[in-house]
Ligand SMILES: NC(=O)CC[C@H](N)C(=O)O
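Below sits a lone chain in structure tokens, taken as the form predicted on its own.
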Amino acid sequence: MNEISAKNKDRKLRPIMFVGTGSDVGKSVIAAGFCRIFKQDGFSPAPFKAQNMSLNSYVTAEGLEMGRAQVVQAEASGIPCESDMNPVLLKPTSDQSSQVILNGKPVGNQSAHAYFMANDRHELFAAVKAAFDRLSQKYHPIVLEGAGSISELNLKHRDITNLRMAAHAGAATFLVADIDKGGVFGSVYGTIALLSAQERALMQGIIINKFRGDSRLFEDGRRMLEELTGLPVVGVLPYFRDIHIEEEDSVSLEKKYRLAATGKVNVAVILLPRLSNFTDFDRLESDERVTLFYSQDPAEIEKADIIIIPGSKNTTEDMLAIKNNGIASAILRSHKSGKTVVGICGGYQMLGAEISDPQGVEGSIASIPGLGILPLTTELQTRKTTMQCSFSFLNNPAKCTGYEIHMGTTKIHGQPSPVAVFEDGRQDGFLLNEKTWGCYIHGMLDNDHIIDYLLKPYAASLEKPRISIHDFKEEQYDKLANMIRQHVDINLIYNSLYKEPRVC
């Protein structure tokens, strides 16, 4: 614990907020790091992001859906996740529309124009503020995360996520800029210059993120930014590859395209256009026996030992896409040659004979043939299943955990051959053989013995990892916190959290 926090441990901290010069500058990871720092220092932090746009979601113990980034931040805080941490979640269903999740429950689909222009933004902001207020009664400090850039002038008056939220919370607000993208002076100066006096009063400092090399080389840059903006540069964080924190969204997945490696089990995850819940594969990716990559290249996919078809927010459109781009044929050839093919959620539906959408839940495709590998058909429905679950996998009595997020009912044709049996006796999935199966359960590959089963045909001679997924995550959160402590003026951060908010 640092000197300032030790002296003031019994005082309540005001909220802190991390906003950005743009998207994908590192706000989520930095917020997670500060959640862990405050936990380490004896406080009771909780994360908050008013509105997320992501296909990467999770289900709370109450069966409510929320963005995965705040789940990660809740883990770093050492607390259970709850939907108040992310009251509005937008899940894109196409390039122009999204499913809207409010307080953990779907309230319909809207086009981007309808959502951002509608009068009910006032009602959404009221709901967002109410969620924050409930959370702040139980935890402190609340660690808020902004979305995208705070200088989008055409959207400011409809903003429910960035500085209007910071003003409601009275949050000490820090601007995060990604120097690795280039143009850091223009992006930081321009962002601050475009703020109103009221917004400018909220700002407490600047964090430069993803600096490559010796940060002492940026001392002149730090001084220049401070002179230009009148704000202190409180830290210069290094670019790192040795700390593994779940990504907020799939923008980085194509960077994980790697050629098949020798001496390891090669796992290809199909890079679907509407891929969802890619964190299903983070545990598998961290396994030292595995080389995992995401791909849309049929030739590269066929080089893999194991092919996984992941979840999708629009299964019918993604099924059509993989038929048109040659991936479906590559999967069928790999299956016939004896390689492992697994489907999860939407990928499980694609393994069947047909996916039908008679009510137009996903769009205009009323029915489409699947891959025909498993003897099942799926009908999409308007009711959404969201729940955490405990289950046994095949004949292994060990308890497994996961969660369900899907809109559809799957019918098995012929003798059932379930992959999972829930504690209440329900069954899920279908096992064709050791190398061919699918199910609806997200997070199932966070269970070590399921990973061992998946890799068994290929990794009998390879040494198993010695660390559990829980211990691995805890280790990463601590490494992240320690790295931030080394490169950020933590005393200055704490000083800002003990001050009363400025009013302009």
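Only a predicted model underlies this, so the values are computations on that prediction, with no experimental measurement involved. Just count from 1 along the sequence shown to find any residue number.
Omitted here: the form predicted together with the ligand. The next part is about that form.
Participant: Go through R283, R222, H406, H140 and name the one with a heavy atom inside 4.5 Å of the ligand in the model of the complex.
Facilitator: Exactly one listed residue reaches within 4.5 Å, namely H406.
Participant: Just to confirm, with a 4.5 Å cut-off on non-hydrogen atoms, which of S276, N209, T173, S83 contacts the ligand in the model of the complex?
Facilitator: The residue from S276, N209, T173, S83 that makes the contact is S276.
Participant: Check T315 for me: does it contact the ligand in the model of the complex (non-hydrogen atoms, 4.5 angstroms)?
Facilitator: Looking in the model of the complex, residue contacts with the ligand include T315, since a heavy atom lies within 4.5 Å.
Participant: Should C345 be counted as a contact of the ligand in the model of the complex, where contact means heavy atoms within 4.5 Å?
Facilitator: Yes.
Participant: Are any of the heavy atoms in G429 no more than 4.5 Å from a heavy atom of the ligand in the model of the complex?
Facilitator: Looking in the model of the complex, residue contacts with the ligand do not include G429, since no heavy atom lies within 4.5 Å.
Participant: Would L380 count as a contact of the ligand in the model of the complex, using a 4.5 angstroms cut-off between non-hydrogen atoms?
Facilitator: Yes, L380 lies within 4.5 Å of the ligand in the model of the complex.
Participant: Flag this candidate site as yes only if G20, R68 and E145 all have a heavy atom within 4.5 Å of the ligand in the model of the complex; otherwise mark no.
Facilitator: Per the other structure, none of G20, R68 and E145 touch the ligand.
Participant: Sort through 101-109, 157-165, 407-415, 332-340 and report the only stretch with a non-hydrogen atom within 4.5 Å of the ligand in the model of the complex.
Facilitator: Selected range: 407-415.
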